[in-house]
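Single chain ahead, written as structure tokens, the form predicted on its own.
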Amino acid sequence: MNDYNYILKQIYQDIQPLLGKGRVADYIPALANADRNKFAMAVRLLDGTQFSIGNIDETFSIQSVSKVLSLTTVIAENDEFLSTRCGKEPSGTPFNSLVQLEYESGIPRNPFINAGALVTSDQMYTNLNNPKKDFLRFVRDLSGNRELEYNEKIARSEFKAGFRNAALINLMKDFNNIENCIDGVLDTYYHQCSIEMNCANLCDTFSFLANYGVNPINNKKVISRSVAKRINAIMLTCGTYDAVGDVAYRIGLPAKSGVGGGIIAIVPGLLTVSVWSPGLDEKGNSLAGIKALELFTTYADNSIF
């Protein structure tokens, strides 16, 4: 068995030159002052054993990492969603691009670019009686942490500054691919992105994907094994914006990143590993976080390839 304490200590030492570098997601005003020197990393084995290093108690908004969770609620109810309202192919364009959406008649390439996540939130808005309350309950159940909350300040900040997302959703509404009130869907979307966790919470929340659809915390089935396989596949091919090829090459795990600096990665049948550092590279992924995960799969020898 790997000595994960030793591995995390080695990674923490190796990534020090990257801390303080990159840019924060300052286009979201509430994230503009994030400290690029912060770093945390956690590992959770399926038996519940946990390892961590760095600023592990610090919480951060998970941002686009939440798109995996909203997708889970949707395709658990409707496995045709990714064949009708949204695709499952890498986009090859920035996560907030309008161009591709226009050419493809309002059908987003995948559920992890912003347009796809907005369609997912729209479907979730249709499916759930109280989308914000029900989604938060779902995430709390996955994590085993009843204290998880939305950050209202961040949600409001994103709503006020989200002109590009407003353009995306209005364009899709024009193509008849948004069913509900635009402001209601945007509010749901921004709230899901604002959920705050630390790295240990993130590992706990996503453990069901490492355990083939069953939450190892309470042994409850969340989704089928087949759906878990599909979500992991989309994370591998679409989960890190338009850097998925590079991330697959360097890390070799299903992963989802967010512009808050968090990344979650899955080793099916074994563990979840999360990392957080707010300094982002040019693609919007955590600069130190991507390197840390590359080192993790190298030192632990547990890429899926």
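On a predicted model such as this, the values are computed, not experimentally measured, just so you know. Numbering starts at 1 and follows the sequence shown.
The following text describes the form predicted together with a small molecule, which does not appear among the structures shown.
- Among 114, 177, 110, 198, the residue placing a heavy atom within 4.5 Å of the small molecule in the model of the complex is 114.
- 193 is the sole member of 185, 234, 193, 210 with a non-hydrogen atom lying within 4.5 angstroms of the small molecule in the model of the complex.
- The stretch from 247-255, 59-67, 265-273, 34-42 that comes within 4.5 Å of the small molecule in the model of the complex, counting heavy atoms only, is 59-67.
- Residue 165 belongs to the set of residues with a heavy atom inside 4.5 Å of the small molecule in the model of the complex.
- Contact annotation: residue 204 falls outside 4.5 Å of the small molecule in the model of the complex, judged by heavy atom distances.
- In the model of the complex, the small molecule lies farther than 4.5 Å from every heavy atom of residue 138.
- For the chain shown alone, residue 95 is a contact residue for the small molecule in the model of the complex, at least one non-hydrogen atom being within 4.5 angstroms.
- Site residues 12, 18 and 296 are none of them in contact with the small molecule in the model of the complex, judged by any heavy atom within 4.5 Å.
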